[in-house]
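The chain below stands alone and is given as structure tokens, in the form predicted on its own.
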């Protein structure tokens, strides 16, 4: 075997290896490129289904169309609706509205964003912790977040306070809005364009699939059902289990004096959260009420002194039943239902008031 032959053989071997490496790289790149393209397609499809309006998907799966259903919203009208909710007054298309109520805005009792990490979490303590963490008020009313996707309002025990007024408001969002404006806010009925503006705002804020806690397999199931023609009650039921269609409202009434612990064994720190994010939201500097409260000893002593009994000055009474508007003083206090403040939380609040009175 000559040296020349060895050199040529070695060069040929190296060239073959180089060729194999090039081919392998090309194949590998093609595989990676192909996989990358498929992944991008999957991600695009996933993003597309997640961006779908929840109501539209429910209808496609065989759900009933809400009586307030709207195909689209007018951004300018929705903006006016937001102002009505936040400030109680707005203008639109040359129409200058007057103040709906001199006493309350919607946001005095309702938040506009979600109030718990999970949309199906109804635990009042988790709600309190989430609101405090986000710097939001601990309001007595349910959030307006996702209200467009609900089908029941003024549920359960609200007739105990508002009587027959709630009958027409329970199944119709428009009637619920009017009841809130005229009676709950001690204001006036909305004119047509104002009511329409608020409905357009709610439409603009409706839930989408991305707002729900859906796994990839659940999204695939929904997508497959729609692709196969919809009308899938099982998948519809799955979807509706991911959010709240109606908030419960249990009026417990005031605790009997024999059942009150007057803060004994309560969590003072938790009571402070309730006082600062709930009570002070309305009462600090008499923001929406005649009763001024702050975090000094005088406020604590005032509330502690009136802890007994069943009049409006007792925390046990006013938290659970609220007050009513009267002539000359339309500001009144809405109540906290059991779903919005638990019995333990009420005792926690009393434990903080007890400590506040000692400062």
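In this text the structure is predicted, and so the values were computed from the model without any measurement. Positions refer to the first chain, counted from 1.
As for the form predicted together with heme C, it is not shown, yet the points below apply to it.
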The one option of 114, 272, 200, 283 with any heavy atom within 4.5 Å of heme C in the predicted bound form is 283
Partner-free chain; cross-checking heme C in the predicted bound form, the single residue of 291, 70, 298, 59 with a heavy atom within 4.5 Å is 291
Is heme C in the predicted bound form near all of 128, 136 and 207, within 4.5 Å of a heavy atom of each? no
Original post:
Counting only non-hydrogen atoms and a 4.5 angstroms cut-off, does residue 310 reach heme C in the predicted bound form?
Top reply: no
inquiry  = Since only the chain is shown here, I'm wondering whether residue 196 would be in contact with heme C in the predicted bound form (any heavy atom pair within 4.5 Å).
reply    = no
| said: Just checking whether residue 323 would be counted as a contact of heme C in the predicted bound form - the rule being heavy atoms within 4.5 angstroms. | reply: yes
Item to complete: Please run the contact check for residue 222 against heme C in the predicted bound form: heavy atoms, 4.5 angstroms, yes or no?
Response: no
Here the chain appears without its partner; judged in the predicted bound form, the stretch of 138 to 146, 89 to 97, 231 to 239, 214 to 222 with heavy atoms within 4.5 Å of heme C is 138 to 146
When heme C is considered in the predicted bound form, the residues of 176 to 192 having a heavy atom within 4.5 Å of it are 176, 177, 180, 181, 184, 185
